[in-house]
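Single chain ahead, written as C-alpha cells, the form predicted alone.
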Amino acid sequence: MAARAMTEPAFFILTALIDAPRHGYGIVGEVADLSGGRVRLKIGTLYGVLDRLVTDGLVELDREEPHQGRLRRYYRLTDRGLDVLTTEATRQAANAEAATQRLAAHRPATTGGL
C-alpha cells in the first residue's frame, strides 16, 4: 500500500478493525461512528476496499459465521496493517499540525483582545 495514497475509506476501515474483528455491516457502522457520520460506506465500496486491503496484506479473514442462512465474514487487522495505519495516522497528524500553524499565523488579529 505504500506505493499509493491511502484513501479515506481505507483509513477508516483499518481504524475500525483496531480493537476487534468485524463483519461488513459492523465495519460500516463503526466507520460511520468514527467519522461522526461524515463517511458512510456503501457495501460495494466496502468490499472493493476490503479486497484491496486483503491483497495488500493489511487485513485478513478472521472467521466466517452463519447468520440468517448466510455466512458472515469477519475481517481483522494484520500486523502489517497496524504498522501502515500507524504511519498514515502520524503523517496525517503532521499535515494537520502544519496547516493549523500556517492558518493561525495567517489569521488577522481578532477584536476585543490584544
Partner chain sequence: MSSLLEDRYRLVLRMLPSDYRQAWEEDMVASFMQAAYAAAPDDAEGVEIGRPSFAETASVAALALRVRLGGTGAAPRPFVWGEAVRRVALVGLLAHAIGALVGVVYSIWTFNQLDGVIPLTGGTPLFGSLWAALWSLTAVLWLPPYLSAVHGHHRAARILAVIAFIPVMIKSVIGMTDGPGAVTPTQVYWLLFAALPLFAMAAFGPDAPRVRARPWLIALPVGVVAVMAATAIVLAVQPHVDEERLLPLLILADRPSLWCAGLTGAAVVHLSIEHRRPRRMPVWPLALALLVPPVLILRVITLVHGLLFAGTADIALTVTIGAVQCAALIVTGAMLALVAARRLRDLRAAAEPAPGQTAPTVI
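For clarity, every value in this text was computed on a predicted model and none was experimentally measured. Residue numbers count along the first chain shown, from 1.
The same protein has a further form, the form predicted together with its partner chain, not shown here; the description that follows concerns it.
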{"query": "Contact of R80 with its partner chain in the predicted complex (heavy atom, 4.5 Å)", "finding": "no"}
{"query": "Proximity of V54 to its partner chain in the predicted complex, heavy atoms at 4.5 Å", "finding": "yes"}
{"query": "4.5 Å heavy atom contact, G24 and its partner chain in the predicted complex", "finding": "yes"}
{"query": "Heavy atom of E88 within 4.5 Å of its partner chain in the predicted complex", "finding": "no"}
{"query": "Contacts with its partner chain in the predicted complex, stretch 39-56 (heavy atom within 4.5 Å)", "finding": "K42, I43, G44, T45, Y47, G48, L50, D51, R52, V54, T55"}
